[in-house]
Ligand code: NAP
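There is one chain below, alone, in structure tokens, taken in the form predicted on its own.
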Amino acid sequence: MQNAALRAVGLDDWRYQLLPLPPALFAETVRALAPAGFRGINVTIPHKQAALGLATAASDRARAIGAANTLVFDPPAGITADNTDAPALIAALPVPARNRSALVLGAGGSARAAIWALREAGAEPVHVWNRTRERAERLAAELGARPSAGDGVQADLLINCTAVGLGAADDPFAELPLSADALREYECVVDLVYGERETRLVRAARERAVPVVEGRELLVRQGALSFEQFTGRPASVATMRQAVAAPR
């Protein structure tokens, strides 16, 4: 996706690459990237909070969220952190968030971005559920949300920020606090999980005629915002969508 966007703007000598990192090596590796010629990185599970901690400067939203998914290297100034997950979510919603309620599933870096983004966009109330109740309570207290047991919560928007669905065999309804038929109660279902095919959560929502936002769309939108910070040029969102949808 990013390499297709680079080619579209003529940056043929730039490359975007996958760099798997265990948590124990995250900090020392990231500090070595700028001297090695890297302009920046996108950060995903489980490094988003650690990424913010490494930054020497950060956007207001990254600081408020407490997690970053984008680091830009600017030697000798240092590392600037941002969170493009938050604006990508709000831009992708098919309905305005203002005055709508939401249930956010999860308590990691993506959930932090979702809760902050929804609150900033005027959603009220925003509930947060996590398998570990204490994590949901801490996150809710930090970001002005409401901890929830999950079942029985009335909300307009459902945002899945858990890793459920990353595996092809995962049954989201075995691990999440709702049934497939309960999806009918929502105006929109958003699943941050992405892969080669739509997730079972997205498929179940579509089968019940509930509008959905797939993880691949959020991947494209946040990636386009990161691309512009890395390169200083507008990203071709259409090119990025085509690259994500292309068979592998």
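Heads up, when I say rigid core I mean the largest set of C-alphas that superpose within 1.5 Å between the two forms. The first residue of the shown sequence is 1; numbering continues from there. Please read all numbers here as calculations on a predicted model, not as lab measurements.
Keep in mind the form predicted together with the ligand is missing from the figure; the text below concerns it.
By the 4.5 Å heavy atom rule, the three marked residues N130, V164 and Y194 all count as contacting the ligand in the model of the complex. In plain terms, the part of the chain that comes close to the ligand in the model of the complex, with a heavy atom within 4.5 Å, is 173-181 out of 72-80, 173-181, 91-99, 119-127. Among heavy atoms of P87, none comes within 4.5 Å of the ligand in the model of the complex. At least one heavy atom of L219 is located within 4.5 Å of the ligand in the model of the complex. In the model of the complex, none of the heavy atoms of A145 sits within 4.5 Å of a heavy atom of the ligand. Although the partner is absent here, A57 lies well away from the ligand in the model of the complex, with no heavy atom inside 4.5 Å.
If you take 31-48 and check each residue for a heavy atom within 4.5 Å of the ligand in the model of the complex, you get I45, K48, in sequence order. Superposition on the rigid core between the shown form and the other one places the CA atom of P211 less than 2 Å from its counterpart. Comparing the forms between the shown form and the other one, the C-alpha position of H47 differs by 2 angstroms or more, with the core used for superposition.
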